[in-house]
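Single chain ahead, written as structure tokens, the form predicted alone.
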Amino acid sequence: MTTISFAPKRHVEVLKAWMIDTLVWGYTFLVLFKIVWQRIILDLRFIDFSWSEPLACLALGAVVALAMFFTRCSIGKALYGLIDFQDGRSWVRESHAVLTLVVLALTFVAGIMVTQVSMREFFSESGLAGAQRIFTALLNPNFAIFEDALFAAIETVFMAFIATSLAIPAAFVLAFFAARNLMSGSPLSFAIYSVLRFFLNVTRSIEPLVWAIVFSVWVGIGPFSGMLALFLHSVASLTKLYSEQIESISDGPIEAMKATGAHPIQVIWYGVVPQIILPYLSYTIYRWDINVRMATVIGLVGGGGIGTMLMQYQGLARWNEVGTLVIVIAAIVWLMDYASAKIRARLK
């Protein structure tokens, strides 16, 4: 048994710890019921789902969490520092650590079952024969399409270049409005910060593939739609990286300039920009590298470039041509990775 201080300042931590324990126990009961009982013991291949099951497990988890909350078997209390740890005591002897390992083991078992891992199917005769047929064709590329693949690869590289180039100034400006330390001075500026961060998070959470589908319908299939998809996602990602770098700068130069009566723009230009320029360059090069890789993928949904050719030949099961395209894509990725690594090394 352990004791907990229920001082007012700890009430929030205690409530959060109990909620974490409720989720942990509810999740554990759900996995035990759906995976261990129905899938493994009853050997049901197709398991029906009902919202009443997780809700019932969550309710049971709340009861168990409350009952176990005054013991050391509480992951929530351990996370919030509500357990007094004994010096020299091995962590594996802590009951909350054992519970964590059990939950992780159940999660691993559940993952194996949900993903339907099967070594029998992986090493099946028909599967190995099909894989051998495809790899044989891939290793015998048809270089008759090499010229077309090369031009498509150039198109892919320029898609990534234009998307990154247009995203840099947009992200550079937006980053100052998305930095909490610069926008927390007044309710209006903080509201702008909150709204901007919300839209950036939404934009970044949508994959470039989805944006490429949207823009393919909007402006038509081709490299323009792919460039727009990369541009939009790059703006959101670079703004996040840039703003986080601004939030980690030293406040000394800024406070000194404000004390001298400098204009806010002067404070940003002379107090903030010099501290962030080198990390900005590193983030930008890294984003350019990502865009080159992503540009070869968004072509699969009509975003133009070499990805479109890959989609066409793969759909026709012309694996020899696919082998040529794979070689070209691998060469592009290797060259861009080598170039970006060299540039980042020079910036250090």
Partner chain sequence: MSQLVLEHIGKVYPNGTRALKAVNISVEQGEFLVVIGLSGSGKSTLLRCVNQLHDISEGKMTFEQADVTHLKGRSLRQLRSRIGMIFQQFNLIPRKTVLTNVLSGALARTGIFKSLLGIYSKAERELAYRYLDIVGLREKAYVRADNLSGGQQQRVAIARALMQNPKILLADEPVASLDPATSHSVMKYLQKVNQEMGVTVICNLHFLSLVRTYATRVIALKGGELVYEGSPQDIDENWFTAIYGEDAVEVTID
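Numbering follows the first chain given and starts at 1. Note that the structure is predicted; figures quoted are calculated from it, not measured. C-alpha atoms forming the largest set that superposes within 1.5 Å between two forms make up the rigid core.
The discussion below concerns the form predicted in complex with its partner chain, not included here.
Comment: 259-267 is the region of 106-114, 216-224, 126-134, 259-267 lying near its partner chain in the predicted complex, near meaning a non-hydrogen atom within 4.5 Å.
A single residue from the set 79, 101, 278, 139 has any heavy atom within 4.5 angstroms of its partner chain in the predicted complex; that residue is 278.
Mapping the unseen interface onto this chain, residue 148 falls outside it, with no heavy atom inside 4.5 Å of its partner chain in the predicted complex. Within this chain, residue 247 is remote from the site of its partner chain in the predicted complex, having no heavy atom within 4.5 Å. Put simply, residue 169 is far from its partner chain in the predicted complex: not one heavy atom of it is within 4.5 Å.
At the 4.5 Å threshold, heavy atoms of residue 187 stay clear of its partner chain in the predicted complex, well away from it.
Residue 137: CA moves less than 2 Å between this form and the one not shown after rigid-core fitting.
Remark: with the core as the superposition reference, the CA shift of residue 266 between this form and the one not shown reaches 2 Å or more. In the core-superposed comparison between this form and the one not shown, residue 117 has its Cα shifted by less than 2 Å.
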